[in-house]
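Just one chain is shown here, as structure tokens, and it is the form predicted on its own.
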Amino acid sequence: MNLITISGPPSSGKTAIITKLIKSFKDRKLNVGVAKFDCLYTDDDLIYKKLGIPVLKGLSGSLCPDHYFVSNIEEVVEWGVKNSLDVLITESAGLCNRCSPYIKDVKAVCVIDNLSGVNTPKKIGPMLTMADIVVITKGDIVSQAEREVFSSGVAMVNPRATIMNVNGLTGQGAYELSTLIYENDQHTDSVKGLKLRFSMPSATCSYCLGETRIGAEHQLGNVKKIEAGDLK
């Protein structure tokens, strides 16, 4: 089974890209399924189900969505194997620019859009810088110059990645993307023992553990202070 992780900032077009990928995989007679991770709510699973594929949905609730992803990916892969999938797409919530759910030896795709701002690639951490493929969307509503500047910004922070422009509405570029991320000789039937590409934040502070009171006397564990200069 090909295991693929698709991540990216909210509203970047992840779901639109995945729906076009599903069609491409189905046209190639591949059995594809999707595991959708989100925080509080999503109805993307209904969109995928309408395409006639197996879908699994997980909401992290009060937990960090990327921690939730990593804590559950083993069971999700087992679900994909039981459904005899050729391709299992896992879609992360993509909310934290510090975290990354990417796993070593598992294909990682980051979706980012042209409208997010020219400096956005510099603001996104391992979710962008450690992806194998970066898909840029919404190129049809910006100029050629803006597309090139944005793509250049992505290449500067992740020079190793394959960068593609894909139209989430028309599907232009989706077939080519599907051929890049699916490999006949790639088989991942378990992630047990595999490692993340990037460590999670080193933060277990009093607020992680439920503290709500503000003030230095209530702050324990890993705490980092802003450099306030003359205010010291």
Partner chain sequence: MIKFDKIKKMKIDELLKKYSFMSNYFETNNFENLDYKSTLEENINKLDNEELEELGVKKDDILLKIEEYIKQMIEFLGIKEDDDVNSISIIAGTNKFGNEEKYEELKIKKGEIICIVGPTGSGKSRLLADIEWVADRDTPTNRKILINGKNPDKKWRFSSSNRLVAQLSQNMNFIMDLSVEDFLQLHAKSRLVENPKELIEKIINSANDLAGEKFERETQITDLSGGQSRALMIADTAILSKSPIVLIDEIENAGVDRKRALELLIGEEKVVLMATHDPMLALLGNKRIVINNGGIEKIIETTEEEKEILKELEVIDKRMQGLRNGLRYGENLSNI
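Numbering follows the first chain given and starts at 1. Please read all numbers here as calculations on a predicted model, not as lab measurements.
Just so it is clear, the following notes concern the form predicted together with the partner chain, a form of the same protein that is not shown.
Within 4.5 Å of some heavy atom of the partner chain in the model of the complex lies at least one heavy atom of E176.
Contact annotation for S84: none of its heavy atoms lies within 4.5 Å of the partner chain in the model of the complex. Proximity of T90 to the partner chain in the model of the complex: non-hydrogen atoms within 4.5 Å are absent; the residue sits far from the partner. Taking the partner from elsewhere, G94 is found to have every heavy atom lying beyond 4.5 Å of the partner chain in the model of the complex. Look at 181-189, 60-68, 46-54, 195-203: in the model of the complex, residues with non-hydrogen atoms within 4.5 angstroms of the partner chain sit in 195-203. Contacts to the partner chain in the model of the complex (heavy atom within 4.5 Å) from stretch 157-182: V157, N158, P159, R160, T162, I163, M164, Q172, Y175, E176, T179, L180.
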